[in-house]
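Same chain, two forms, each on its own as structure tokens: structure 1, then structure 2.
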Structure 1
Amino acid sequence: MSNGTGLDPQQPIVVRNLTKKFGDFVAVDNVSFAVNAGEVFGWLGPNGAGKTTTIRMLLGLLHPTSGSTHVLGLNSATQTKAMHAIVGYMSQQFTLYNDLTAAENIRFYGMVYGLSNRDLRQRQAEIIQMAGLEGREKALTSTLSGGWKQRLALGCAIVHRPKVVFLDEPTAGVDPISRRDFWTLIYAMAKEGVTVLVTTHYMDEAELCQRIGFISQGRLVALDRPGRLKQTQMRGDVLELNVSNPDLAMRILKAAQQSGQLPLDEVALYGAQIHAVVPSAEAYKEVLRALLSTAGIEVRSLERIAPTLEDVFISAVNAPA
């Protein structure tokens, strides 16, 4: 059913032919996508790819050069104030006031969003419980750990019960346990129908998204479910090598890649293993083994493996335009 704007109400985030230029530099280049209601959508790309610029246009903080963004049926550029009242935003800086207590931060943001005293008392109790801050309500925010600050910042961002939440690298610099706990909160929101658009540099977090968009040099280069991206977006085969001297092996393989001796699309260390992306696993397995063995490197195992999401991400963003 139409909401009078020609937009699907089941798609609370709609981006159409979005372009942003800064002088001659194209930060976002004709990007289009939509996010479904209650979906956790990952927006991934290298530094400078255009992720944050896209979010800033969705929030109406930047005006597009061309194209449009709509959130909950509202045009981000022309209906910014109305849209801000019904969405949530959390940045990696955790926009909290360190000289206020946890409870005072929640109260401040609740007042900014116009909550009644009764509703604010209820939301404060709910957020304190959600953030695991029982007993620390009166602690200065500056004294809280990164994980507690993170959950408190999320609580402040959703104090007004928004239906759409933007999270811009919200787990940067937070320990793995706190990151896991944070994603539990994200999925709790999604189960209640909240639509979440999140940017992250962590591939284990990207795997948790229901769909992912890859942006590179301002262009949308892939968009699908994580499992489907692994099936459709990988250029070439991934060989995993377990060798006696990974550092030396990496230098040899990188040199062969750069000289054109081997058509390696990518070579990278994954812990003590090496992933090498080749046009064909069967055609190049023994070529790689011979190259390393000649250099005195023992190849303990060399097998084709299913690509990781990180392999797919690197392949997608490095693909020729």
Structure 2
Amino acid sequence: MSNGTGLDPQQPIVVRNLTKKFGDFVAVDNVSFAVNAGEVFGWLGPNGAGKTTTIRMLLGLLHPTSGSTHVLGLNSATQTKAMHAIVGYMSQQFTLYNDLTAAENIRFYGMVYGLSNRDLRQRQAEIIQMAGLEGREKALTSTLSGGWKQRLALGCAIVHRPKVVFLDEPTAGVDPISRRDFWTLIYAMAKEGVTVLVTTHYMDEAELCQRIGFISQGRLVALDRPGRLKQTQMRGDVLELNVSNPDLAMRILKAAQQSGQLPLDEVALYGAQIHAVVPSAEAYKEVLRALLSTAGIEVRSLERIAPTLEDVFISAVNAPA
């Protein structure tokens, strides 16, 4: 994915050889990817990896050092105004006016985007219904719960019917049930052809994306469907151990890891279980079993388990450059 060839300029989001330097620091390093129409695309990575810098360049708020971004065929850096008229953006701060009612917030954003009165009335009704805010139109935004505020913020971000929507950690601090409802809305938009680029720190939400781009230290390190990433990107296998004394077993495995006796990429406690990442399950299952049995620990089960997306990301981040 490094040379950006094969990117279709017709795609709603196209990032080509994008680089951003702040002084000597390379925040985004030659990143290329494209998002398909109606796709829900997860843009993930640790804090400071270049995630938000990329979104700022896509929105035209920052200019690239080299390379380019196009949204709906418009260059983010040079055709910013035209592009803003047709994209939506929602940040984790839910930029709503707390002293306005729910309906007033929608009308305010509608006016900012220059909607006609007729259009505005229709959109207001649609958004109130979408966000499940019927009967709460006149409630002050400050009195709404987190889930409602979040759906209202999404409604305001799409009041002008954008074709592309950027959602930057839209679900931070919202309860799990509201988060599920929110994702149903995201997919309802996508079904209507809206392209969605979303960032999140919740791994269960990453699983919900149709495709994921993962950025680490400015470089795009993985780009694929969640299911495929788990098959292709994980270095090593994850073993799950059920043992008679997990705390003691953990100390033994940690010591073996630190002394170099065992090449464990990771060993961690998960409640009463231990997860260990080994180069190969076949080669190391019996080695681990023998090591623990010698110490008098009963190994009740020792199975290879499927890696989670989080396992895959940790592996990608720790991969040698």
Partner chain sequence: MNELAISAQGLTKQFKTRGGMVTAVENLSLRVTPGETYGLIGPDGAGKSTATRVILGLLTRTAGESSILGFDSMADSYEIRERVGYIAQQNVLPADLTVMENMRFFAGVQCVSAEAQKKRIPELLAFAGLSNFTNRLAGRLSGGMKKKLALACSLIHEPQVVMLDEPTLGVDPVSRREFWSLLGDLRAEKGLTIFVCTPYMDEAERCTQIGLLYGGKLIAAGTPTQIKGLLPGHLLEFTPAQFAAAQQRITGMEGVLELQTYGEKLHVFVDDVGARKAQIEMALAAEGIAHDDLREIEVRMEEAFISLVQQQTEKVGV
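Start at 1 and count along the sequence of structure 1; that gives the residue numbers used here. From a predicted model like this one, the values you see are computed outputs, not experimental measurements. Here the rigid core means the biggest group of C-alpha atoms that line up within 1.5 Å when the two forms are laid on top of each other.
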Quiz item: Does structure 1 or structure 2 depict the form predicted alone?
Solution: 1
Quiz item: Which angle, in degrees, describes the smaller rigid part turning against the larger between structures 1 and 2?
Solution: 16
Quiz prompt | Per-residue CA shift, Pro246 (Å; core superposed between structures 1 and 2) | solution = 4.7
Quiz prompt | For Ala283, CA displacement between structures 1 and 2 after the core is overlaid, in Å | solution = 2.7
